[in-house]
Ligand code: 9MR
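Okay, here we've got a single chain as C-alpha cells, the form predicted alone, with questions on binding and movement later.
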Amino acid sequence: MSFNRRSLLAACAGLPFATSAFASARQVGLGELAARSGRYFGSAVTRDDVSDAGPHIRLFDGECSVWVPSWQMKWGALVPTLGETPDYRNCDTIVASAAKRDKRLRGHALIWHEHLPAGAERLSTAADWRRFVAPHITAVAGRYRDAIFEWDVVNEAIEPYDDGADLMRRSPFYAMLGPDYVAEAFRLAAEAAPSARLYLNDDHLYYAEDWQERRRTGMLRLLDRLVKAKVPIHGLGMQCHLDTRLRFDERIFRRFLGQIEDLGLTLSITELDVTEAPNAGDRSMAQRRLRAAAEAGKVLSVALDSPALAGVVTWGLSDDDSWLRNRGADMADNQGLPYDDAYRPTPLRDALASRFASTRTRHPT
C-alpha cells in the first residue's frame, strides 16, 4: 500500500476536513488542541529535557500540557539497591519545572517488575511486601500527592505466557501476595494520594492477533475483579507501542474499548510510539514517516471516538531520543514519534493534530 499526504490525512482523521483548519492546527501546540477536544496531550520527559539548561525545553513546553517522568519515578531509579534511602532529586527537579511551566504530571510507575532495586527480585513473602513494597508506594505517592494528578500504579500485570489461569504475570509482587497485590497497591496509593486518578497500565491490547486477544481477556478479567471489589481504580492506561508489522481490526479494538467503558473506567493512551524500521524495506524516509503516521492514525481514530479517553501521551517527542532506537541494529533509524532527529514535525504530529482538531468529548480531565 502506498502513502501520500492525502491518504495519510484520511487514515488519521477518518473523515474529510478543511485545509484551512488543518493549517491552523499546525500553528497550535498539541496540548492546546487536545484541551479543545476535552483531553490532554503529553510526553515522557527526563530531567534534562525539562531543566532550564536542557536543549528540549521549548519543544516540551510548547507542545505538552502533561509531562510524564520516563524513568525517574520507578522504584529502581529511586532506590538502586533494596534497603537504601530513596534519592528523589531527579523527580523533584521535574516536579519543580512542571510547576514553573504550569504542566500537569502523570506518575509512572509505582511498581513494575522490570525496574526494581537490586535484590528485590528475591522478595517472595507477604512480610516482604509489608517491609519493602507497601512503604515504597506510600512514600512516593505521598511525597507527590499535590503534584501528580494521575498515577500508573501497577505497570504490566498481565502476561498469558506465564501460564497462570488468571493470565497474570508471575512477578515478585505476585509471589508476595498472589493476584491480590494489584488491589493492595491501589488501596495504598489511594490512601497516600487521595486526589490522584489511579491507573492500571499495560501494552499489547489493540491488534487483531491471537496473543493480544489473550491479553485483552486477561485484562478484562482483572479489571472486572477490581471493579466488583470496589478497589479505588479509575482507569486503564494503554501504552500503545504500535508496530506496522501487526494486524489492526477496528471492530476488535472498538469492542474492547466499549468493554472498558462498560466497567465505568477512564482510558488513556500512555506511551504512544510506532515501530516501523524492521520492515522498512526500500521505502524512502518520507514514505516511512507517512506509514508510521498512518499506523498511529488507525488506532487514534478509534480511541478518540471513545468518550472515556482522557488523554494521549507519546513516549518522547523526537525520534532522536526514542528508546526504540536502542532495541537493535535494525531499529537504529526508527521513525515513530511526532518530531524527527532535527526536531522538525513529522506526519505523526499531523495525525495527532488532525484527530484532536476533529473530535470532542465531555469527559472531565
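The model shown is predicted, which means the values in this text are computed figures rather than measured ones. Heads up: residue numbers just count along the shown sequence, starting at 1.
Below: the form predicted in complex with this ligand, not depicted.
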| item | value |
| --- | --- |
| Candidate stretches 210-218, 122-130, 70-78, 169-177 - the one whose heavy atoms come within 4.5 Å of this ligand in the predicted bound form | 70-78 |
| In the predicted bound form, the residue from 40, 60, 339, 315 that sits within 4.5 Å of this ligand by heavy atoms | 315 |
| Answer option from 104, 234, 241, 187, heavy atom within 4.5 Å of this ligand in the predicted bound form | 241 |
| 4.5 angstroms heavy atom contact with this ligand in the predicted bound form for residue 155 | yes |
| Heavy atom of residue 143 within 4.5 Å of this ligand in the predicted bound form | no |
| This ligand contact at residue 271 in the predicted bound form, heavy atom, 4.5 Å | yes |
| Distance check, residue 288 to this ligand in the predicted bound form, heavy atom within 4.5 Å | no |
| All of 248, 253 and 355 within 4.5 Å of this ligand in the predicted bound form, heavy atom check | no |
| Residues in 210-227 with any heavy atom within 4.5 Å of this ligand in the predicted bound form | none |
